[in-house]
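As structure tokens, one chain now follows by itself in the form predicted alone.
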């Protein structure tokens, strides 16, 4: 996209704390020392600015992800893979009953440009929205510089598999990342691979535990292998998943280390459906009609297995495939 084609971002002059306000359709966003304020024609909402920025960061970094990204029980986005809904109260029973919910649809590039501008302006130099609480500064207070290196960090995405010829530079040990403080006991050895001559570009192996032990971000799945629509997306988790993810397809979770507690609720209403405690070795499938949020008492490793098929949301909506991977 050329500079002349970039979507217009509507913002104001900085307020007394040094932050600009932003508008998108009939939504407005402003922040002060402590809070993000979101207004729309029939209502208003306030979030502590740190969880708001952590959710906003992941929404952008994941390109609005699969389905629904709830920042909390009121605000969020729905990805239609070309355009995006921005909503307030759409998936909240009480807001809908009171008729104060609001939803607008925007071209992907327009909402992305506004959210990126907001992140660039609202994230101060000491704060990294991707980091664990013990690994970053505070999001609160008056404006103080920016942290563009953190908010423009690109998601790691393999074309085939980490370590293969096209993806050699994605190996964390070759990219200068150090072992995280919580994974000091992880074995750093690599598998030995002996390849028949002529197959050097077809056969490879790497230590996933070593790779994840060097992750400097939390709750940010990278793509380590791709086989048609099958994506392996492992991640390291610490503290609270900053968004509540509403699925539009089944997701598989394999707990590789430690423990995560998942709160699972109905996607449409937010009514609780289950609490799932996953320990190392456990496997679970999150159905296509739920929302979920994870809590990791200490830094853990999780493998998320995604089906990247663009046809799935439509098939599920039309009832052509079930919301669960197996029916007993």
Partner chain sequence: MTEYKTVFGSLTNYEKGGVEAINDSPQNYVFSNLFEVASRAKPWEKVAVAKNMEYVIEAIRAEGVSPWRIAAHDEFALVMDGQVTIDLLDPDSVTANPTSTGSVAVDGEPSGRKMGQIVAKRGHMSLLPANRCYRMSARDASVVLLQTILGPDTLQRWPDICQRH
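Under this definition, the rigid core comprises the largest set of C-alpha atoms superposing within 1.5 Å between the forms. Model, not experiment: these values are computed from the prediction. Positions refer to the first chain, counted from 1.
Omitted here: the form predicted together with the partner chain. The next part is about that form.
Interface residue among 252, 140, 81, 177, judged by heavy atoms within 4.5 Å of the partner chain in the model of the complex: 252. Only one of 161, 123, 113, 74 lies close to the partner chain in the model of the complex, with a heavy atom inside 4.5 Å, and it is 161. Here the chain stands alone, but in the model of the complex its contact with the partner chain, taken as any heavy atom within 4.5 Å, falls in 187-195 among 87-95, 239-247, 115-123, 187-195. Although the partner is absent here, residue 276 lies within 4.5 Å of the partner chain in the model of the complex, judged by heavy atoms. Interface membership of residue 130, defined by any non-hydrogen atom within 4.5 Å of the partner chain in the model of the complex, is ruled out. The partner chain is not shown here, but in the model of the complex it comes within 4.5 Å of a heavy atom of residue 287. Put simply, residue 227 is close to the partner chain in the model of the complex: some heavy atom of it is within 4.5 Å. Looking at 195-209, the residues that come within 4.5 Å of the partner chain in the model of the complex, counting any heavy atom, are 195, 196, 197, 199, 202, 203, 204, 205, 206, 207, 208, 209.
Superposition of the core reveals a Cα shift of less than 2 Å for residue 304 between this form and the one not shown. Fitting the two forms on the rigid core leaves the C-alpha of residue 320 displaced by at least 2 angstroms between this form and the one not shown. Cα-Cα spacing of residue 313 to residue 274 is enlarged in the model of the complex versus the present form (difference of at least 3 Å). The distance between the CA atoms of residue 84 and residue 316 is at least 3 Å shorter in the model of the complex than in the form shown here.
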